[in-house]
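As structure tokens, one chain now follows by itself in the form predicted alone.
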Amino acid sequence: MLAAQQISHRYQTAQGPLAALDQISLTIEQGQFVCLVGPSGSGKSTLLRILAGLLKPTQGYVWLDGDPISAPDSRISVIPQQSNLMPWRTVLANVALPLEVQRVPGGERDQRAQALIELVGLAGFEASRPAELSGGMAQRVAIARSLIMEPSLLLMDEPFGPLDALTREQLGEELLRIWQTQQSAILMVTHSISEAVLLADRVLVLSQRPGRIVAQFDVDLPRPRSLDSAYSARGGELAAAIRASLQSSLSPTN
């Protein structure tokens, strides 16, 4: 469904060109969940911006369902690290915002927003403002908002990063439930190896800058999964292999 070929990117800085990505090629199939792990500064967020059509790569191409991606596309939704909700709007109004921009009639807009609010477990909070929500609840609103345009692909940039460990685990399980219901493809950046093992069909390992894919792992844990899956014997083996690959990518020889 998504194909990226030979993506490289360089930023122009006061000190000269800075190579962020180097010759990255990847594919994501319809309904697949892929996690991307790598050290800080390896270009993970840059890659997501390129795949979303928000940044033109220095080299390479991106296609979605055979169409070139060079600008934002309604088939692709992005969930950033921060929920970025509008503080003056209610939960319902925040979720419905993309449909409002598209001039969808109010009745249909609210009906679709309500269905997604229920899907992410926030029924009863429709009239709440972001300041009245916990961090985990705010991220649920952001997920609902990203799904309302029924995207083919969700790009998630450390969406649970600011949360405490327990809330992060709970939202990971919730994300699995939502994904199994919606079946959008997902590419998610995470620093948590156990989170990647819990969620993904496939884990891609990015090297230190300039980022390049140095390994990929098929996660063969059966679905549906729970937190126990990530901490099973096989989950531990996969986590150890991913961790070793990350450590190897940080060595001076790479």
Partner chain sequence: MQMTSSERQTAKLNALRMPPSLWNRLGLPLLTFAGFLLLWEAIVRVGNYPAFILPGPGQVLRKLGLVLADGSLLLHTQATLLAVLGGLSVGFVVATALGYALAKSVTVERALSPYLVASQAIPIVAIAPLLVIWFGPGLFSKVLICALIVFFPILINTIAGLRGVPRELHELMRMLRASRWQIFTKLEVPAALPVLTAGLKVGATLSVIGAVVGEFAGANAGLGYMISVADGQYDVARMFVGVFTLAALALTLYGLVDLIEKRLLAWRQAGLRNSE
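Since this is a predicted model, take the numbers as computed values, not measurements. Residue numbers count along the first chain shown, from 1.
Unshown form predicted together with the partner chain; subsequent notes refer to it.
**Student:** In terms of non-hydrogen atoms within 4.5 angstroms, which of the given stretches 45 to 53, 219 to 227, 29 to 37, 193 to 201 touches the partner chain in the predicted complex?
**Tutor:** Answer to the contact question: 45 to 53.
**Student:** May I ask whether Val78, Val101 and Leu122 each come within 4.5 Å of the partner chain in the predicted complex, counting any non-hydrogen atom?
**Tutor:** Judged in the predicted complex, Val78, Val101 and Leu122 all sit within 4.5 Å of the partner chain.
**Student:** Which pick from Glu126, Asp110, Glu158, Glu174 sits with a heavy atom within 4.5 Å of the partner chain in the predicted complex?
**Tutor:** Among Glu126, Asp110, Glu158, Glu174, a heavy atom within 4.5 Å of the partner chain in the predicted complex occurs only for Glu174.
**Student:** Even though the partner chain is not shown here, does Ala165 get within 4.5 Å of it in the predicted complex, heavy atoms only?
**Tutor:** Because no heavy atom of Ala165 falls inside 4.5 Å of the partner chain in the predicted complex, the answer is no.
**Student:** Hey, in the predicted complex, does Met86 get a heavy atom within 4.5 angstroms of the partner chain?
**Tutor:** Heavy-atom contact with the partner chain at 4.5 Å: present for Met86.
**Student:** Test of understanding: in the predicted complex, would Gly106 fall inside 4.5 Å of the partner chain by heavy atoms?
**Tutor:** Judged by the heavy-atom cut-off of 4.5 Å, Gly106 is well away from the partner chain in the predicted complex.
**Student:** Determine whether any heavy atom of Leu92 comes within 4.5 Å of a heavy atom of the partner chain in the predicted complex, and answer yes or no.
**Tutor:** Contact with the partner chain, no.
**Student:** Using a 4.5 Å heavy atom cutoff, which residues in 142 to 172 contact the partner chain in the predicted complex? It's fine if the answer is none.
**Tutor:** Counting only heavy atoms within 4.5 Å of the partner chain in the predicted complex, the contacting residues of 142 to 172 are Arg145, Gln170, Leu171.
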